[in-house]
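Only one chain is given next, in structure tokens, and it is the form predicted alone.
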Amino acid sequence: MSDTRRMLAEMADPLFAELGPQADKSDLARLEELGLPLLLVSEEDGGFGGNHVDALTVFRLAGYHALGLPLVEQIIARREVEGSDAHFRLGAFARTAQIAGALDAALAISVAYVNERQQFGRPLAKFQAVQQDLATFACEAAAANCAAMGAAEALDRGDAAFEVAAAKLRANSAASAGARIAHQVHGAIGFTQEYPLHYLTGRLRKWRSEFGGDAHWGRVLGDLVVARGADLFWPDLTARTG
């Protein structure tokens, strides 16, 4: 992690944790004081001058803490991009990063719970079926994080249509699987108002459809592949991921 991203994390993480899912509009001033809405605005225009990998750090933390403020929307709105497609693509990247963060948080809560909860005289974590589910969950969370990073790096290079489409699709799939496993290992307690899991899984369900659901990004990705032709699929893929 670069010094810039470390600074952003150290600045945003404790604030987002404090504000949490139930933050309201009265808390927006605290984000403004830190200059976070200007994260993607150039320094020449009075902004932070961050790139998309910097934004990934903030978006992911907003997802991790299920931040109940439209910070991501503010950052996107203040970022000057050419055309509605570019704006929509930036939003899809942001939701991908938020999904990755929320999955990491839901996984951490789930692991802690199964190590504390006793069933038949031993922790749930000792049951092989639970271990297998959590291993699948960890893979899904890791895939979402990798997809978000790939999209961020592509956005910084300038040509990110393929990567953002693939990333949002992969994150959507991970969100569905992660939310299901999290509630499965928690049982009924995961749905209660007092328990924090529902904030994360509720956001995951919501973010799956925002800035394009599976059908939209599947169509975009398919059109990109078909337009290039079958013979170029593998060369194009390796050129982007090599």
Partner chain sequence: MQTFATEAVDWPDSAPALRQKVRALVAEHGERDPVRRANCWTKAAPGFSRMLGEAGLLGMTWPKEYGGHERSQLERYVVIEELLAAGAPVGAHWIADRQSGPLLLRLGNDELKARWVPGMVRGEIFACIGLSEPNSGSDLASVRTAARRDRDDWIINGQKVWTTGAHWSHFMIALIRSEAGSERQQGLSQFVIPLDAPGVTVKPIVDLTGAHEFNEVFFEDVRVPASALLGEEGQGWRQATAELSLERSGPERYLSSMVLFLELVRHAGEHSDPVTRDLVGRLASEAWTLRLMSASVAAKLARGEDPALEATIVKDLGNAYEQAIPELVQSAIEMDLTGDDVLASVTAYLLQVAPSFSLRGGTREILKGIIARGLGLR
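Positions refer to the first chain, counted from 1. Just so we're clear, the structure is a prediction, and the values are computed from it rather than from any experiment.
Quick note: we don't show the form predicted in complex with its partner chain, though the next part is all about it.
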- Task: Given its partner chain in the predicted bound form, answer whether the residues 170, 234 and 238 all have a heavy atom inside 4.5 Å of it.
- Result: yes
- So which stretch, 56-64, 196-204, 42-50, 25-33, is the one near its partner chain in the predicted bound form (non-hydrogen atoms, 4.5 Å)? 56-64
- Answer option from 78, 126, 87, 117, heavy atom within 4.5 Å of its partner chain in the predicted bound form: 126
- Check whether residue 156 has any heavy atom within 4.5 Å of a heavy atom of its partner chain in the predicted bound form, and answer yes or no. no
- Item | Partner proximity in the predicted bound form: residue 150 to its partner chain, non-hydrogen atom cutoff 4.5 Å | yes
- Query: Does any heavy atom of residue 74 come within 4.5 Å of a heavy atom of its partner chain in the predicted bound form?
  - Reply: no
- Could you tell me if residue 14 has a non-hydrogen atom within 4.5 Å of its partner chain in the predicted bound form? no
- Which residues from 134-156 come close to its partner chain in the predicted bound form, meaning a heavy atom within 4.5 Å? 134, 135, 136, 138, 139, 140, 142, 143, 145, 146, 147, 149, 150, 151, 153
